[in-house]
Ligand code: GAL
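A single chain, nothing else alongside it, follows as structure tokens in the form predicted on its own.
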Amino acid sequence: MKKLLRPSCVLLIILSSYVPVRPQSPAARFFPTKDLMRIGVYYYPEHWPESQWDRDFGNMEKLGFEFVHMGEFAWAFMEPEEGKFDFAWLDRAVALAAKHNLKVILCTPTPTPPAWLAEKYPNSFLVGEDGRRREHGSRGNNALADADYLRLTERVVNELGRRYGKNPAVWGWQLDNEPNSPPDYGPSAQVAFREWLLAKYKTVEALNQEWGTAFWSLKYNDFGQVRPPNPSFLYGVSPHALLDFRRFTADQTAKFLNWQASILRRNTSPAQFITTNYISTIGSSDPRRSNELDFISYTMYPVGGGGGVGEDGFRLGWQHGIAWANAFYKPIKGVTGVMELQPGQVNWARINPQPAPGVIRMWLWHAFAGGLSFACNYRYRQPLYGSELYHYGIVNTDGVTPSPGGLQYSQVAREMRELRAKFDPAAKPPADYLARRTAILWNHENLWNIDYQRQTALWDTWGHAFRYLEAIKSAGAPLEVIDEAADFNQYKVLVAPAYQLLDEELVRKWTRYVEAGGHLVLTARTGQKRRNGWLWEGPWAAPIRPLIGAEVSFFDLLLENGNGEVSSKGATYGWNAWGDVLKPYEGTETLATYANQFYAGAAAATYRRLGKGSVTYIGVHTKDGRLEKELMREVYRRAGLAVADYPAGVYVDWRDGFWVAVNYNSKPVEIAVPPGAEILYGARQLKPADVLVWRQR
């Protein structure tokens, strides 16, 4: 018999347990709630004979697409010679899109400067970690601090804004494309880095102190002596200097995007939004720093030759990708969308398999369930030339026959129109679902600092965070990924995975949250360092000891074939990647203990009550995540919250009156739809790559 899984259990909740619905964000004005999620597609008119454009836009309309995305790689067509602009071709493309009832997202072409720019201004390309300057022939290799590149960027962006900023066919703007500039070690970046350091530290003495330059006689006499730390040229790069350089690099990317937004706003209508599409888990950029944009969208390619759940997981897709991106990007501005979503087989992975039949439709429904306002396919036509020859499109190489993914996009576009007819603006989230609302606290700086000194090749910072994402979603909890400025009290449960860098103020905020009734979960590596990457002058992880009610005595790391064991409630779990060895204070409960090694019997996970809430510390990263899942379920149970029990890769969420279940698992699962519910799409037995949508009447 298959296990019945209930997304909504009966739970008595007193009025004080309800979490108020937050006011609508300013960015929501671009996306009326009744539209639910709009479906769009990338198109490159410059790649195809103009005689085919009208046919292509017409077929997009027939397939149900509602918007089209153009222009992010077309600088050489917009400005074929320096200072000589040609937008006539783009005028015609925009007009044809409007003729076929397609809204237009236009893009700034800054990731692909033309050959004339490279020839005349070679310093506009960054210098890589290998010490070599990049050159024309690819994309995204620009020196974001170079004066000539910035001057020419300003001019083309300003021209675009002047020409299309009041055009009613233009819905909004995307800046650049997948902004993730590699670290730049060139002259302009060196100058900008020194200016960044001067603004932060004011004096070279302060920099020397924070970077600990007494170590290895690295002391500087003035800022002019500082160079970006390059691990390719240096042994044992200072982790403090490297952390600041990572911060600088992320700030440069954000500064570049914020500046482009300010240029556009000189001429664009307030009705046009401005966004960009970050790659969800690329760590060298930090989307939250691009704070002058209306909202941030993301790129997602779930099938890229690995990952997934079970034997068919490589075709079903990376189950954590959309789940994390939905939870991370929407809280930034209250609105998000996926700007690039895979249409089928791709060309850039180590191995490029065919996605499972139906899985692209499932990804789109997963995007909807996460609250996205739009989902856009990359791309309409499979290219016949260039570096992405094998990248599927909505139509095949003949330019007209829909691909399997294209048919799935068309199906979801139709389903979304049908769903709009059933939308009830008065629908409210179920009380028990809302009550178990959970947040993951995330700061890219922890990622940057940990990944330089992981201490073990077995450690994976992203994988550690996704372990807790999976545990939260298996409980059927709504999830948001937040930063330290957020109101923690909005969430019944707060998880801070591997939060290595912190200060006393964050510990105080955690403490206030718990005392007021929150349930905090801290995990391995938390609290080891100050914000500048220094260890604390005191006991290990000193600031969190009073909060967790335990000492972190030391940590251990095992070999690949290590047979570390942890016991909890009679079950044994294997580990080898990380183990914090804990010594609980009086009144702190041990939830799991180490079962072997020389510290057998010592605590691996602890729990304590504090005020109206609780603190759980999970110090071990197990081999399969089962212990972490069980301990998270225990947190919910002790908090008085009813939870579901979904298998890995099965996600169930409520949005705008509709329940949506998706299955990335290689096995079918039975979903217990409540009696009286109206099933709109799918069946209770949720097959792999399938979708179940229902509403409670």
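These numbers come from a predicted model, not from an experiment. From 1 onward, residues are counted along the sequence shown.
Omitted here: the form predicted in complex with the named molecule. The next part is about that form.
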So which of E178, E415, D432, E210 reaches within 4.5 angstroms of the named molecule in the predicted bound form, heavy atom to heavy atom?
E178
If we test each of Y513, Y378, Y499, F87 for a heavy atom within 4.5 Å of the named molecule in the predicted bound form, the one that passes is Y378
Taking heavy atoms and a 4.5 Å cut-off, does Y185 contact the named molecule in the predicted bound form?
no
Does the named molecule get within 4.5 angstroms of any non-hydrogen atom of R139 in the predicted bound form?
yes
Look up in the predicted bound form whether F223 has a non-hydrogen atom within 4.5 angstroms of the named molecule, and give yes or no.
no
In the predicted bound form, does W459 have a heavy atom within 4.5 Å of the named molecule?
no
Proximity to the named molecule in the predicted bound form (heavy atom, within 4.5 Å), stretch among 94-102, 354-362, 161-169, 340-348
340-348
Do all of F73, Y301 and E388 end up near the named molecule in the predicted bound form, with near meaning a heavy atom within 4.5 Å?
yes
